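A single chain, nothing else alongside it, follows as structure tokens in the form predicted alone.
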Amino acid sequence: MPIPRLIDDVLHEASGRAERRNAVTAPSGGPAGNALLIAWTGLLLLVLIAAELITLLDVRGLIDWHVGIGVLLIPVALLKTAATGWRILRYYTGHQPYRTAGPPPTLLRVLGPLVIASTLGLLASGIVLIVVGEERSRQNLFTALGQRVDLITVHQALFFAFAALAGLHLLARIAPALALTSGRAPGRLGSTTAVAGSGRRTLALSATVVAAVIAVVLLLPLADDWQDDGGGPGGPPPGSSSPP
């Protein structure tokens, strides 16, 4: 497919004007229900990520918030990954309602796995930093191009990859997500309240939030090791040594 056509498909999708035939089927809502779950989860992720980015202004001073929000992100990201993976599985195994709904534009299909990998990698590396503590996180793993690489460096690299990839994903998905959750999406039957399976979607989101809160309660005390001030003169700049 010519490059201009690939780009045009993405722009058409990103504008929210794409006709996605998301059928409503009982009991879960089928493709329409799945699309709603992905959209609501994506918007929740967006709010949490925005809050997490704010903590980067003073990671040392906001370390509890930084770690807490980072941990909250994990179950939500896993739910969105699972919902997206289910849609992909149903499409490629030939389930007719999902085949009729069709796949995302080609460029977004290529971008999707990269977004998932960078997101889960970033969150996983943050958990590793919390668990092993600051001292061990600073231990050299290997040297590349004359630069020492430790766990913090790995975490930083994953953050920059995530920022670039997730930024592109956001530009392509924010308008369709808002259209879906507001009931203005073209090509979808009924309003958001008319799609079967709303109870299941609410339960999935509620269970995810509960799991996220439990994870924060369990993991936040492990971040005490990062409370000591290591950002003085000659030390690392704020945000360079703390896990998200």
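Residue numbers run from 1 along the displayed sequence. All values reported here derive from a predicted model rather than from experimental measurement.
A second form of this protein, the form predicted together with a small molecule, is not displayed here; the remarks below concern that form.
Participant: Do residue 200 and the small molecule share at least one heavy atom pair within 4.5 Å in the predicted complex?
Facilitator: Looking in the predicted complex, residue contacts with the small molecule do not include residue 200, since no heavy atom lies within 4.5 Å.
Participant: Looking in the predicted complex, any heavy atom of residue 138 within 4.5 Å of the small molecule?
Facilitator: So residue 138 counts as contacting the small molecule.
Participant: So, residue 176 and the small molecule: in the predicted complex, are they within 4.5 Å at any heavy atom pair?
Facilitator: Yes, residue 176 lies within 4.5 Å of the small molecule in the predicted complex.
Participant: Using a 4.5 Å heavy atom cut-off, state whether residue 97 contacts the small molecule in the predicted complex.
Facilitator: Close contact is absent here: in the predicted complex, residue 97 is far from the small molecule, nothing within 4.5 Å, heavy atoms only.
Participant: Heavy atom within 4.5 Å of the small molecule in the predicted complex: which of 26, 53, 214, 194?
Facilitator: Of the listed residues, the single hit is 53.
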